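For reference, the chain that follows is the form predicted alone, supplied as structure tokens.
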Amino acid sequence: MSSRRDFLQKLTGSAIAFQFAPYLTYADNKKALQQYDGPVLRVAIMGLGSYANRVAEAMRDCKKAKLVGVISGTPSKIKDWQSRFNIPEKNCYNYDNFDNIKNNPDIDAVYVITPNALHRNQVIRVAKAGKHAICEKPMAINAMEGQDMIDACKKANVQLLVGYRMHFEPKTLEIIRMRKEGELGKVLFFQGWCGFTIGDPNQWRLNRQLSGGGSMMDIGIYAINGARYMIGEDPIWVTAIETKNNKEKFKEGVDETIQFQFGFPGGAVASCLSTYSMNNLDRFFVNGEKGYAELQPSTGYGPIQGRTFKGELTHPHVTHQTVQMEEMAAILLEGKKPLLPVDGEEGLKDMKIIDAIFLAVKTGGKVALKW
């Protein structure tokens, strides 16, 4: 893995640094980053599970974002995080008292990294406390809940962002640049494979009340979101079919494998798969009249590997969550406009599509999407 210093040096001199300088913190001048003395986004993380640990460790390398607080229902986790990340007692909360964060001027935003079904109420509470909310994806368990979250944040005059880390990944952005500049020609087809064999049958991701579903609410959303940003449009119809071979592990309402298809207003189509029962599925492929692009792996923690009809993509890897938090700090503190949106409205679009996929599975028909 390249070091952060190597990444900055190489990316500054690369084509993507030129093309996306307005959008990528890590394409900025290395010296400017090292000498950065501007505002810092002070973040509390809610939910101290495995992914929260990944985010926290990645934030050690951020210049514009800093972990300053925690919210957890497990006192032992709080003590551990206090020790590891030097978090003061006054910035530690549990799920009962975290509304008091409104009286803490040392916290600007709360990153909600809890089971999907908890997101709505927790984000609304964060908004009412007057803090910006960053919510892990999927933002909720359906579009209605997502809209409630957007409305609450607007009412409280705070921002809502969703943890779309791939929206800042350099190889992904290079393919989008190629598509936007016409190098691929008219886009005709997208394929997205997202899946792995899930383990512990008792984990919350296989509990409908906490997850809102199964593989679609965890890994399938990457293909949904990827189809949209690779093609550059929102789908206007969806079809889907579910396959369930293990009904003991995958209870009613917890999908094991779903194959789904989209149609887009420009004529492109997408064919995708989301599964909890197959490994080695992490691939995006986009085909246009003039050329193609492929990412495999396409959404894992990295390194992402990519190639196009012009050759291999060689942009160096940097920890996705570091870039994400650096960029989100710039959005919240500086009003920066990312190339790919990461706001609540972006998250809501994916929720509307997931609702449509589940409806298509249930009815066996084509479901129209209206925007």
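As the structure is a computational prediction, the values presented were derived from the model and not from experiment. Residue numbers here begin at 1 and follow the sequence given.
Same protein, other form: the form predicted in complex with a small molecule, not shown, and the subject of what follows.
- Contact between residue 282 and the small molecule in the predicted bound form is not found at the 4.5 Å heavy atom cutoff.
- Although the partner is absent here, residue 222 sits close enough that one of its heavy atoms falls within 4.5 Å of the small molecule in the predicted bound form.
- Among residues of the shown chain, residue 210 is one whose heavy atoms approach the small molecule to within 4.5 Å in the predicted bound form.
- Within this chain, residue 165 lines the site of the small molecule in the predicted bound form, having a heavy atom no more than 4.5 Å away.
- Between the options 176, 124, 113, 158, the residue in contact with the small molecule in the predicted bound form by a heavy atom within 4.5 angstroms is 113.
- The contact residue chosen from 154, 77, 128, 180 relative to the small molecule in the predicted bound form is 77, the criterion being a non-hydrogen atom within 4.5 angstroms.
- Contact with the small molecule, judged by heavy atoms within 4.5 Å in the predicted bound form, is confined among 135 to 143, 257 to 265, 240 to 248, 226 to 234 to 135 to 143.
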